[in-house]
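A single chain, nothing else alongside it, follows as structure tokens in the form predicted on its own.
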């Protein structure tokens, strides 16, 4: 039984790492614009699907296919911000959220027309020979997922705390008006936030595709679970969302293994509802007070 629990937890950590990356993408855009970008899941889908296209149709090496997929997905995110978000400067947050939902449907529809409805897989980054750890079996791809996620989180933290643009984005997240008054280009910061979040989403789609495969509609559920991770973490683009994603992945894996796999997807939304009812500011964020 102990070995089974360890197996579920290791699998959950790998899945949770994916949710963390997607959740951080949600949080970055929310902190810079105040809206929830429900097209984030489609960036995840594009990462996996474009990598497959470059591998299958153009016979590119795996690293080159992955790099091009990230670049093109980032370009899609930038175009989406320029054409759909920036022109509506005075729109309400609700209107912008609806626009992101419409953008998600549009991107998914174009992907279905271009790539078809079939499910595809990309090769694992290294051997498929399982590894044994304390009686539990781990695929090398799980280690790749954890390692790449940790590297991206470290780079993300360095960017936001030790670079000019990162500090400017943090300033915009606290007070956009004050940031603009001291000379920070708020529009440029919003554009950078979409570029970063789409790039992170594409990486999440690429590293998970060898395990779960990819298709035109894979981003729907992954996007919603990434959103759950961001809510658990208090919409923080830092360690709170990382812990939220890992917690969600572990609980989901334990629930699927110990109760029933049929409840796997439901567990994420049950946790989301509980968080919203009991602690709406998230588990890892202090409640904010507003001075009147």
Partner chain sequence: MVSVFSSAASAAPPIRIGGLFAVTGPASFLGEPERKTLEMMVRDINARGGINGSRIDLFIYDTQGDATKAVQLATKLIRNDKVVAIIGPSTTGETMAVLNVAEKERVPLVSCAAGIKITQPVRKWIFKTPANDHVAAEKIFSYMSKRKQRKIALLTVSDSYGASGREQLKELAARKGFTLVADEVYSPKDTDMTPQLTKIRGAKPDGIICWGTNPGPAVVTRNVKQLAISIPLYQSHGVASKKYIELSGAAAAEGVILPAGKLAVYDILPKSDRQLKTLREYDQAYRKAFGVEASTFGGYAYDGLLLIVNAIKKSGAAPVSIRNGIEQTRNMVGVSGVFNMSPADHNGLDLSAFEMVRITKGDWVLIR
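Residue numbers count along the first chain shown, from 1. It should be emphasised that the depicted structure is a prediction, and the values quoted were computed from it without experimental measurement.
The same protein also exists as the form predicted together with the partner chain; that form is not shown, yet it is the one meant from here on.
K.L.:
Quick one: of 76, 146, 153, 139, which gets a non-hydrogen atom within 4.5 angstroms of the partner chain in the model of the complex?
P.N.:
Only one listed residue qualifies here, and that residue is 139.
K.L.:
Answer for residue 235 alone: is it within 4.5 Å of the partner chain in the model of the complex, judged on heavy atom distances?
P.N.:
No, residue 235 stays farther than 4.5 Å from the partner chain in the model of the complex.
K.L.:
Answer with yes or no whether residue 117 is in contact with the partner chain in the model of the complex, where contact means some heavy atom within 4.5 Å.
P.N.:
Flag for residue 117 set to yes.
K.L.:
Might residue 93 be said to contact the partner chain in the model of the complex, defining contact as any heavy atom within 4.5 Å?
P.N.:
Result no; residue 93 lies far from the partner chain in the model of the complex.
K.L.:
Residue 240: heavy atom within 4.5 Å of the partner chain in the model of the complex?
P.N.:
Judged by the heavy-atom cut-off of 4.5 Å, residue 240 is well away from the partner chain in the model of the complex.
K.L.:
Which is the contacting stretch out of 256 to 264, 24 to 32, 37 to 45, 60 to 68, given heavy atoms within 4.5 Å of the partner chain in the model of the complex?
P.N.:
Going through the listed ranges, the match is 256 to 264.
K.L.:
Using a 4.5 Å cut-off on heavy atoms, what residues in 195 to 231 are near the partner chain in the model of the complex?
P.N.:
The stretch touches the partner through 210, 211, 212, 213, 215, 217.
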